[in-house]
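The chain below stands alone and is given in structure tokens; this is the form predicted on its own.
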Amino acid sequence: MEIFYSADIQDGILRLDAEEAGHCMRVLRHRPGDAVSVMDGRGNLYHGCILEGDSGGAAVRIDSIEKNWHSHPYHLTLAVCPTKNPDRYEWMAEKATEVGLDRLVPVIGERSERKFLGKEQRLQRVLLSAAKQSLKGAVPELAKAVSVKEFVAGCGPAGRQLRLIAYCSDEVQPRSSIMQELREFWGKVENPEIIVLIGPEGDFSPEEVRTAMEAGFIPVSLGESRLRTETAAVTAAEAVYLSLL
């Protein structure tokens, strides 16, 4: 299934920018009159017909809309420390989006070797491409980078949230299984928000874990294997996804 993207929607017409139109008209050789499907990145899939276009842009008439297309019954936020190799962070963002991700927050830990994210526009493109490839109507939000403590402080009241922090050590307190916490949480609220904190290669500091716990975060284990940051993030996203099956 070919999916294109546009956020330019007015008066029943979708307009594809040069990048999307080039793929549609030049690479895939679509012509005016062809039926196409276009997502808006906010959860809607539009079915319509190409009115006009070339590799520089295209206009699509909207014939029908599918709302909440291929959505999931939860809102997942992954707050993940930057990896030493930026390519690994992009890989994580891609795979987590394929599984089911709503918001990605780069967080800087006290033990982070990399203190900035960089290449945000490139990462935005990775998120969009992964959403299209995995047939998701919504593109995950990429938040601004903040410190771990700033992120925790900004979470506000717990409310409908399940807050988890993946922690490798028993230094603060014994950890529970992420699958156990997820399965016990399902059914308590409708359309819940799940937040998972993933630390850097050197793990969170004990002070960061205590700060998170004071804000309602539950320390959890992702299993016995020692995982890289990017692997841990994808494992957490998969745990949320698979715990509903």
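From 1 onward, residues are counted along the sequence shown. Source: prediction; values computed, not measured.
There is another form of this protein, the form predicted in complex with a further copy of the same chain, and it is not shown here; the text below is about that form.
- Just one of 134, 147, 124, 85 comes within 4.5 Å of a further copy of the same chain in the model of the complex, counting any heavy atom, and that one is 134.
- In plain terms, the part of the chain that comes close to a further copy of the same chain in the model of the complex, with a heavy atom within 4.5 Å, is 175 to 183 out of 175 to 183, 52 to 60, 203 to 211, 32 to 40.
- a further copy of the same chain in the model of the complex is approached by residue 94, whose closest heavy atom lies within 4.5 angstroms of it.
- Taking the partner from the other structure, a further copy of the same chain in the model of the complex has no heavy atom within 4.5 Å of any heavy atom of residue 102.
- Not displayed here, a further copy of the same chain is approached by residue 227 to within 4.5 Å at the level of heavy atoms in the model of the complex.
- The closest non-hydrogen atom of residue 4 lies beyond 4.5 Å of a further copy of the same chain in the model of the complex.
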